[in-house]
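First, one chain by itself in structure tokens, the form predicted alone.
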Amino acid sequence: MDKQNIVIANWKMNLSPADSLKLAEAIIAKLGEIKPLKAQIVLCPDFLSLSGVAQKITGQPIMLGAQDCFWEPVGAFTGEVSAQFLHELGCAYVILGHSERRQYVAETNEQINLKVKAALANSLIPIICVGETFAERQEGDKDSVISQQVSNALTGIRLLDQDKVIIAYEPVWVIGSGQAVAPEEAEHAHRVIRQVLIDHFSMNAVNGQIKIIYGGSVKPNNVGNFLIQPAIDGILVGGASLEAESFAELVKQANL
């Protein structure tokens, strides 16, 4: 059976709520031209835009994701957002451990692990971001860094039959740079990740409940080279998802 690619748009903190609605409308129109639409599509706007985008995509072949969550369901945690509430709002996915959060708010592997557990407990699919910095790459530590991040994120987790997980390999040094890694290098990193997953879960779970995707300066002119790699199940897209036409072109190439 052919794999079903997933295309996840991370809009980060780039759009106002009004701009998010306009982009969602434009993406819906562009995706309507792709028939049949086989790829899975996920839009991840900022927290302020989630409710509006949720209403826009109702009835569309598009799922909603958040860009983060907290590890406690309710309580005195000023400024945080509950996974439980995200699920109630209509989110099906949540991005966790993005390198920008690791960098700017000092998010730790232990916190990411707690967030993954909270996401799964609230029927959300965690999109766990992992990747090496340029210094780690130069030191030859890429594989060990990635392996440790994946292992730490999944510590103590037992996947139930209904649970699904996505691991997104995003080399930190290429995010926003316009320079993607070689597709063959991404494929190698995905195989490293897959081996860690096999160490944690059954082969049935790895094959049926987990996707490994690539992110980092993905564009219409290079995405095809990534998606033909056997271990790459889709893409996490930043800048190229902020324009409906380029995002639709990415989806077309993922629409195997």
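Everything numeric here is computed off the predicted structure, so don't read it as measured data. Counting begins at 1, following the sequence as shown.
What comes next is about the form predicted together with a small molecule, which is not displayed.
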>> Contact with the small molecule in the predicted complex for residue 217, defined as at least one heavy atom pair within 4.5 Å: yes or no?
In response: yes
>> Using a 4.5 angstroms cut-off on non-hydrogen atoms, would residue 107 count as touching the small molecule in the predicted complex?
In response: no
> So in the predicted complex, does residue 237 come within 4.5 Å of the small molecule, heavy atom to heavy atom?
Replying inline: yes
>> residue 98 versus the small molecule, in the predicted complex: is there a non-hydrogen atom within 4.5 Å?
In response: yes
>> Within 4.5 Å, heavy atoms only, one stretch in 181 to 189, 154 to 162, 116 to 124, 98 to 106 touches the small molecule in the predicted complex. Which?
In response: 98 to 106
>> Which residue, 150, 166, 112, 174, is the contact with the small molecule in the predicted complex, using a 4.5 Å heavy atom cutoff?
In response: 174
